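Take a look at this one chain, the form predicted on its own, written out in structure tokens.
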Amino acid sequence: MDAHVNVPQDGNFTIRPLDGLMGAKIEGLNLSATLEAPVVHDILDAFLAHHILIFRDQDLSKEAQVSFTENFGELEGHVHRLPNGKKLPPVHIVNNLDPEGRPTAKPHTTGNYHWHTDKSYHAVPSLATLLHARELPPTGGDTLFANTTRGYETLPEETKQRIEDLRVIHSWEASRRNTGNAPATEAEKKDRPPVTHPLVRTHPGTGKKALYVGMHTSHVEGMSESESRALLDSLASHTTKPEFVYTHTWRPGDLVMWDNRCLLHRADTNYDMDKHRRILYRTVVRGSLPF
């Protein structure tokens, strides 16, 4: 057996790390079944070690995805509203469909095609996101992940010192503006007013520092808008260099779980969006206050 493959004592499954900075495939688990506490513990250990977990060949109902997600914490809602004004359900459907259910290159919102960490505009942002592939294009439609711990670690020392104590305003309003989407509604702005987080956050599980940037950022406290944007864009460009990025090529039935505390992610438009449907079910676990 490959020396890199881990077979936990508490379950008949394997953890197979990917080559590179992050990611592991977990094989041999049926996530529709109730998982024993030792198995959940092994998954959490792998999550801290690898940041991205890929569970192949799953066929989860929405209810089963919710049950699996709740092994790791409290489910988190979303500020974004449907076109009819209603809030999104606990299982948010990520897709490229128009209101009539037809594939389109101009979906209702395009935020997921920009680098971001989920819900950083919350006072207490996300711990983990789980995305389950239900319908995919024949090729493409990948998701890219960038390691913001490595992004921080590879900065020049003088840059680390410069940004160490800076704090950044994140907001849903800024996110909509940064991505060129329809402006945040008054209800959305009331639901999610601007919040402040450290530019360099410490991972509560590993103690490692990471850049906390992405499309939800507005500006750095005490810094002009132009200077802020230049700094934030520079740091985001640095931490999303190809050598810090893993590209996940989806297979039907994949469930991918990732750590929002040390990763950025975005979807890729590398398929014919006007022709092929891309539908994934998304659940999110509430995290803790960044520090």
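Sequential numbering from 1, following the sequence displayed. Treat the numbers as computed from the prediction; the structure is a model and nothing was measured.
Beyond the structure shown, there is the form predicted in complex with a small molecule, which is absent from this document and is the topic of what follows.
The three marked residues, Asn112, Trp258 and Arg282, each reach the small molecule in the model of the complex, with a heavy atom inside 4.5 Å. Only one of 52-60, 226-234, 259-267, 35-43 lies within 4.5 Å of the small molecule in the model of the complex by heavy atoms, and it is 259-267.
Taking the partner from elsewhere, Arg176 is found to have every heavy atom lying beyond 4.5 Å of the small molecule in the model of the complex. Under a 4.5 angstroms non-hydrogen atom cutoff, the small molecule in the model of the complex lacks His197 among its neighbouring residues. In the model of the complex, the small molecule sits within 4.5 Å of a heavy atom belonging to His116. Put simply, Ala133 is far from the small molecule in the model of the complex: not one heavy atom of it is within 4.5 Å. For the options Val94, Leu155, Val220, Ile163, the one in contact with the small molecule in the model of the complex, meaning a heavy atom within 4.5 Å, is Val94.
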